[in-house]
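Below you will find one chain, with nothing else, as structure tokens; this is the form predicted alone, and questions on how it binds or moves follow later.
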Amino acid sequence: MVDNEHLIDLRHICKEYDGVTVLDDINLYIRKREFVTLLGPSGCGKTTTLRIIGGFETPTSGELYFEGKEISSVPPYKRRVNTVFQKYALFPHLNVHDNIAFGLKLKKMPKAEIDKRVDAMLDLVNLRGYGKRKVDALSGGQQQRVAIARSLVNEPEVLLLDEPLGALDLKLRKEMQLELKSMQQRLGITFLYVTHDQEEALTMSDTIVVMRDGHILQIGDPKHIYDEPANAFVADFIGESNILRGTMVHDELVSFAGHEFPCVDFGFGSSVPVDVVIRPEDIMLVGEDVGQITGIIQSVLFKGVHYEMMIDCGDFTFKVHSTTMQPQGSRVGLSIVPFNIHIMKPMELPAEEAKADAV
């Protein structure tokens, strides 16, 4: 359960390195007991944002508040946050117990209390009985659990996780996604998670913050981000999409791929350029005679739970996901209900992308 009370507030945060802006006027609040994911491609500023909250970087300008107190100049060890990095930075000369206990020993806590807390953490991360093992004898997933336990044993208000599952194989990564979410719910503390993996973000988060080029493009819960992307970049980054240039003919009517389609959007004006986004699973395969448009199936891939088909409709090749398969070379009709056509203002591309798009 997410608490409505703000725990962390970033206000007009900017960060420059050697004159290059990596964060540009970031405004974001994080609530108590919330699982927030910073999502975006490499270089978008998500790790820099995390490091500023952790105290490893100082913002060039702006203010950072923790429970209403400005903490931009407070050193990391005085903040009630702990960080788990992709490279777990465990001490190879210490066993599992002593790795977890390291921070408590620095605080000169009594041995009995240290042992009690470490045993509780080993239970939490499903490593009971592993205390005497050397960390280099553990698997990657087990080492990651030790790193998490070492961070949690100090009872932080916030756990910062910087792509902690990146070094794990796919099966283990999926298992750890569920385990991390369950752990966060049991502990009732705030998790701030950084990833470029949209599936991780959709699986675990209460709130997703989509970033690009040092800016926040959209904030929302996973369903809202997926169903109502703010622009073509978000739509393309979160899941798969057919993204087309179109023209808003008038309210609730849009033209793309050489045809006009009813939609539910309005307020864009008449005869104005727009971006059109349609998810592959929202296109229905029907007979040629009843489809809004027709095309030829160019390729068919079996993806486990559905077939992925590329369908050439002349002006555009649509990607379609369907549980029923039509053979390659077949002529089919495509039908799209108005609710599944998402209209948005055209997104301005960086100069190099705009040039590539034009080619």
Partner chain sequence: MNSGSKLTRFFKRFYLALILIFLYIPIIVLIIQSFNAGKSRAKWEGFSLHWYGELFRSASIMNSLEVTLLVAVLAMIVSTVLGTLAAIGIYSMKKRPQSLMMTLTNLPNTMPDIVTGISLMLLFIFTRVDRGFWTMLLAHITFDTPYVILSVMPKLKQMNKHTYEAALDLGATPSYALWHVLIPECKQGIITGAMLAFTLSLDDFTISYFTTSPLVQNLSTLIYSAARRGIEPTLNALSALMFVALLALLLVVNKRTSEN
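Only a predicted model underlies this, so the values are computations on that prediction, with no experimental measurement involved. Positions refer to the first chain, counted from 1. Take the two forms, find the largest set of C-alpha atoms that superpose within 1.5 Å, and that set is the rigid core.
The discussion below concerns the form predicted in complex with the partner chain, not included here.
Residues within 4.5 angstroms of the partner chain in the predicted complex, judged by any non-hydrogen atom, belong to 146-154 and to none of the other stretches in 263-271, 146-154, 247-255, 215-223.
For the residues Y29, F56, Y65, F316, the 4.5 Å heavy atom test against the partner chain in the predicted complex is passed only by F56. Residue in contact with the partner chain in the predicted complex (any heavy atom within 4.5 Å), chosen from G129, G188, G287, P92: P92. Although the partner is absent here, G103 is a contact residue: one of its heavy atoms lies within 4.5 angstroms of the partner chain in the predicted complex. For the chain shown alone, T83 is a contact residue for the partner chain in the predicted complex, at least one non-hydrogen atom being within 4.5 angstroms.
Looking at R51, you'd find a heavy atom of it within 4.5 angstroms of the partner chain in the predicted complex.
Although the partner is absent from this view, G166 stays clear of the partner chain in the predicted complex, with no non-hydrogen atom inside 4.5 angstroms. Residues of 13-27 that come within 4.5 Å of the partner chain in the predicted complex, judged by any heavy atom, reduce to D18 alone.
With the core superposed, L178 shows a C-alpha displacement below 2 Å between this form and the one not shown. Superposition of the core reveals a Cα shift of less than 2 Å for K223 between this form and the one not shown.
In the core-superposed comparison between this form and the one not shown, K78 has its Cα shifted by less than 2 Å.
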